Structure formats: structure tokens, C-alpha cells
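Next up, C-alpha cells for two forms of one chain, structure 1 and then structure 2.
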Structure 1
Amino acid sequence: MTMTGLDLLAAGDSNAIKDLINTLCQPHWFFIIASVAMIVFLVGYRTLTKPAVALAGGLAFTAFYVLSGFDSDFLSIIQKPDNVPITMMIYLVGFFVWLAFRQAAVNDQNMEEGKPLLEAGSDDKVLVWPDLVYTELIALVLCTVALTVWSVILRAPLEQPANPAVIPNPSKAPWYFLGLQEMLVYFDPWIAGVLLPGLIIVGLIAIPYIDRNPRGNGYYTLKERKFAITTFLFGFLLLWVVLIVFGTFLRGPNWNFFGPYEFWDPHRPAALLNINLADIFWVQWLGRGIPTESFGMLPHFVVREAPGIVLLSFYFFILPGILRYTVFRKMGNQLGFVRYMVMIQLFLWMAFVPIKMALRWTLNFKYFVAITENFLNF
């Protein structure tokens, strides 16, 4: 066996580092780190987007990525043809988030100092021919070249012919839907596959109607739109992009979680048994069995699930009122009743996702309300 120095480095002493990174990539750590990173970025954006700082960050990440490539398990995942776009996506999203917030930082600074915005002078008009058509032409040529090179280098995948009898493990949806497939772990299919996508679509369309803040229209800024931008980025970066990265790189056979340098062992047992709120409430807290009798007019499953029904009713119906007169007082006054209700329901649903994820990771928690008889589980 011949081994280069780099191989030795990758196989030998680095094992401890690999173990550490595998641990940090466990879902709860990964998600916490990503959330903290996002908040740190949004708070310190004026310093962190300085070109030198951002470049250092990009290089550090690249170094991490390239060094990780010496690990055969990691390499085999990022090399799968359909996963190559994900690496591209990570870099492009990183670059453009930087570009946007760099300009926001400059604009916010300029506004404080009474200087003009980067986008100022917007009433000066230039002719579309030649100023715009040439830019478009150049973009078009570069894009064609890039796509052609990509197509020559990387073959499109073609596996064995479709065979209903052989189920691949794991079976994954196309990468852009992996966030929704990840939701299947925490929610029933009708929530993960129907309700949540529906809420995303409706929620996106609703944005212009529930964000009544007139400032920040037509220029990059963070200072003037803190709530809107933080919420949107949380949804896009953490609940969409990060979950795609989870689904592609870290979900293996039986949809088990594997660190980036772990072998995808198909025989690893599936996750532990999960428990519902009803189990916790009736059995663990009250120390009695789960109720099976109906109570007056209430069918037995309503009695059984009463704790969850009360809790969720509080979350979706009472909490909006409380928030209206505390945290969201100013926004509530601005929005009026209908707009506020739409905003807060969308907001609470969005928050429901990480809440359930966190409960699963820490307590193996499954359902608040489990009316399995009617497939009505929350």
C-alpha cells in the first residue's frame, strides 16, 4: 500500500478532528451553530462583510471543504453528479448574501452620515442600447460557456432501469425538495407534503401585503427592515438551504443521520421509539394509564389528546393576542386586525417547524395531538 503524506494526515491524527466535526454535524448542533452564525452575521454585518473578512471566511470554508475531500465518505457524497449543484448553491448563496449585505452595510452607514445611497441618482436615465443589451449579451455568453464546460466535464447520471421491486435505501426526493422530505421526519405527510408547501406559497405571496413598512424600497438595507429580513433569511437559509444540505450530505440509509465522514451503514438501527404528549402527560406526569373512555359528549380520542389540544389552541389562538399587545404592539397597530392575523399565523407556523425539530432531537417527542384514527396528527 502506498500512502502519500496527505493521506496519512487524513487517516491518522485527524481522526479526532473528524469525530468532533461528525458530532458537530448532529442535527441539533448543526442547527444551533447555523442559527447562531446567522444572528452573529446580522448583528455584526458591518464588520463581517468587509471584503477582507468575508474573503477570509470564504477561504476558510474552502479549506475545510477541500481537506474534507480527502475523506472517502465525504468525497463520495459530494462527487455524486446530482449533488454537484448543491456545492454550487452553497457557494453562490454565500457569495450573494455577502454581496447584498455589503451593500446594505455601506447604505446604512451612508444614511447615518447623510451621504447618498449606492443606488442614488436613480433618476439619471441611460439608453438600453447599448448600456443594458451589452451587459445582457456578456452575461449570456459567460453563462453559455459555463454551462457547456459543466456539461462536458460532468455526465448526467443514469442508474439501473426503473424497477418497482428494488427499493433504494435511502430513497431521496430531488435535491430541491429535500427540505420538505426532512419535514416528514417531524410531521405527518399531509403537513410536510401539503400544508407546509401550501403555507410557503401563500406566505410568500402574502409578503408584500403584510409588510407595510414603506422604507427600504429599491435599495439594500438591513437597519430599516430588521424584522422582515431576519424572518425571511431564517426561512430561506435555515429552513430551506440548511435542510437541503442535511438531506443531501447527512441523511443516509433508513433516513438515519450520519456525520460527513461516517460510512453510510445500512444496518444501523432506526431511531429510538418516539413519544407523544399524551404519553408524557397521562403516564409520566399523572402516573395513570392513557384514557380510553369518552367523557360526556367528547369522544375518547379528544379526552386522550386534551393536553395537546389545549396547548396547541393556546399556541395558535391565544398567543397571537398576547403577542399583539407585547412584542408586536407597534407592528399590530400598523397592520390592523386582518393583516396582523395573517402575519402572525404564518409566523407561528414557521416557528412551529424548528420547535418540533428541537423537541424531537432532545426528547424524542413526536406528536402534540395524535388522532391517528383520522390521520389528524400534529
Structure 2
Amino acid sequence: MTMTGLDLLAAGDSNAIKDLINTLCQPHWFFIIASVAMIVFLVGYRTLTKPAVALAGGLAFTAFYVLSGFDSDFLSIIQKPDNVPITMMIYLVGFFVWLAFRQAAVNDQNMEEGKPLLEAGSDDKVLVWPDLVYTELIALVLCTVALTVWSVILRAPLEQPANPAVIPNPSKAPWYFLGLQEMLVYFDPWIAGVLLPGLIIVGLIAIPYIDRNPRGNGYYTLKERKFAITTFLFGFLLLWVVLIVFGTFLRGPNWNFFGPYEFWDPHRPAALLNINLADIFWVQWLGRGIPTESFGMLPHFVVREAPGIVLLSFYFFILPGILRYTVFRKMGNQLGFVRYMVMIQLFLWMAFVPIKMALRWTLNFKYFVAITENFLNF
């Protein structure tokens, strides 16, 4: 059977669309698009959360998924037993984000018009018997049925016993650790595995200490909590959910990035060797060799890494003061010195993660400071 001219034209258009999507799913473009989409959503949340608009968006995403399923490479990725729950997670995250912001949009509109909030006058009391017990029983039965059907239809991804001579490629952590595994690409293990998760916990603990704004307690709103909600969404959606999507659908053999319509070729060449800030400063900019001798009382590795030490010192110690009297002037006056410093350090650390990721994607950048003599890489 021969292909007609129309068939060839359709195939060419399809391949062009797939190539475009593969390009846009490269990490730097994907992250930029996701960031812009979040900003657009926050700006136009009152319109974009309307049920008709949200339903159209959900149907469009579903249509994309269904049509992409005709591509063998895409289908081989999404139908893996480990990856099916991540598809469900995307839908659930989208639904609950929409639900919260829809109620926030209605409340913000009602406040402007002098109308009562959605939560006003609601009776939160629920009788344990029979209301709560019946609800929990029904939920228990439905979850049991769903898990039973799931386990029958989709085979569990059980593999052979652990064998040090046979290593899966790619070797991936469980989905809830994929964000941390992704960060290990950009940061030293002590930062990605200890410091950053610790800062997440510290940040959550510090929220009641930093944010004493009584508005927004007990009801949904965006207008009265813009900075807090925007910061949370950036950390949750872009620095956690997106990293899980990266690790699940786009990270293939040898931990290379692949587009959704690309074959996971285990023989694909790895990325170029990564470079440090010292290489860029001394070799590329100054055109000389990297210093190997001490300068007075300064060890040679301090001289070598001086550009990175100066840059990081400016970022974490000087920049907070600049922001205090410019961008965060009003917030600094409200919080006071100590609370502002706690907030700005957590904020700068959160911003540092995508900065480092973008440098790795675009410049093959590895470390700002690489003191390998003392196992201190930053």
C-alpha cells in the first residue's frame, strides 16, 4: 500500500508538531512556559477559574493526552505502571488548585461588592454518627473497589530481586523522591539531600512567625494574600510538581532529557562536561590559567574560588539589604529586622534553586564554589 500526497503531508505536519512539542519540553523552555502560565493564571484567575473556561482547559489537556497516545514513544512512557499514578496526580493537582482559586475568585468579588463570603454563616459542625461514619464508610468502599480494579487491570511493576550487577537504566527513585533526585543533578548531595529539604521544613515552621496577617484566615482569597500564595504556588507547583513530571516523563536512560515523542535511546551521548564559575572567570573571561598558588594567608583554593565566594556573599548577605529598601520596603517595615531576615533568606534560597537549574540547562554550569579539597561544593 502506497501513501498518497495528502498522507505524506499529514505525516509531515504531525512530525513538525511533535518536534515543536519536543523542543518546548526541553527543561529550560518547559520551566519558562510553566512559570508564565502560573503568572497568567494568578493575574486572570477570576476569568480562568470560571467553570466553562476550566472545563475547556481540562478537555483540551485530555484531548492532547488521547491524541498523543497514538504515538508509540509517548504511549510507552505514560502506560508504565509506575507512571500511571503521576497522570492521575496531574489531574488531581489541577482540580484542587482550580477549586481553591475558584472560591478565592468568588470571595474577592463578593468583598468588592459588599456581599457575604462563601464561608460566612456556614455551620462546620458534623455529627460523628451517622454523618461522618457513613461518609467514611462510603469512601472506604469506593477506594477499595478502585484499588481492586486497578490491581487487576494494571500489573504491579515488580522486578527481579536486587542485583548489584544489573542496574536499571534509568534508575529512578519513587515518585515522591523524584524532586529530590532531580535536584541532585544541580546541587551537591549535602545541599540537595539535607540542606534544601531542611529549609523546606524550617520554612513551613516559620510561616506563623513570619506571616501574622489575619486576613484570609478561614476563607479563600488571593487578593489579600498575594505574596504568600504566589510564593507557595511557586515552590509547590514549579519546584516540586514540575520536577516530578521531569523525573517521570522526561528523564530517560543515562538521566538524559527526552521529549515526550522521542525514543529513549540508551546510547544517546551524555551532556558535555560541566564547568564551574572559576573556569568561566579565570579561563574564559581573563584568559589565564586557574590559580594554583596561595595569596598571602589565603590558601590557593580560596583564591581559585574567590569569584564564587564573592558572588554568593553578595547574594546572601548584601542583596537582602538592597531588597529591604527597594522591592520589599513595605514588607520590611511591617516585619521588622529579624522576621524580615528569616523571610528573605528563605525566599532567596527558594529563588536560588531555579537560578542554578537554568544555569545548568543553558551553560552546563556546575558549581559556584568547588572546594573539592574539603568536599565543599556549592
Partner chain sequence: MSVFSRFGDWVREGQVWGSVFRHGVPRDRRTRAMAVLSNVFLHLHPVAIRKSGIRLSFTWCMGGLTFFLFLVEVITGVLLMFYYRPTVEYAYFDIQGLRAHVTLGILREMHRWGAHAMIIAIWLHMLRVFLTGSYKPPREFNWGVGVILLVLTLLLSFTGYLLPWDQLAMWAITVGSNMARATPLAGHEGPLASMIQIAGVPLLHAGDDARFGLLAGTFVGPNALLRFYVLHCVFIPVVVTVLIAVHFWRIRKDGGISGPL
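These figures come from a predicted structure and were not determined experimentally. One-based numbering along structure 1's sequence throughout. The term rigid core refers to the most C-alpha atoms you can superpose between the two forms while keeping them within 1.5 Å.
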Of structures 1 and 2, the one that is the form predicted in complex with its partner chain: 1
Residue shift check between structures 1 and 2, rigid core fit, S171 Cα at least 2 Å: no
Shift of D131 between structures 1 and 2 at or above 2 Å (CA, core fit): yes
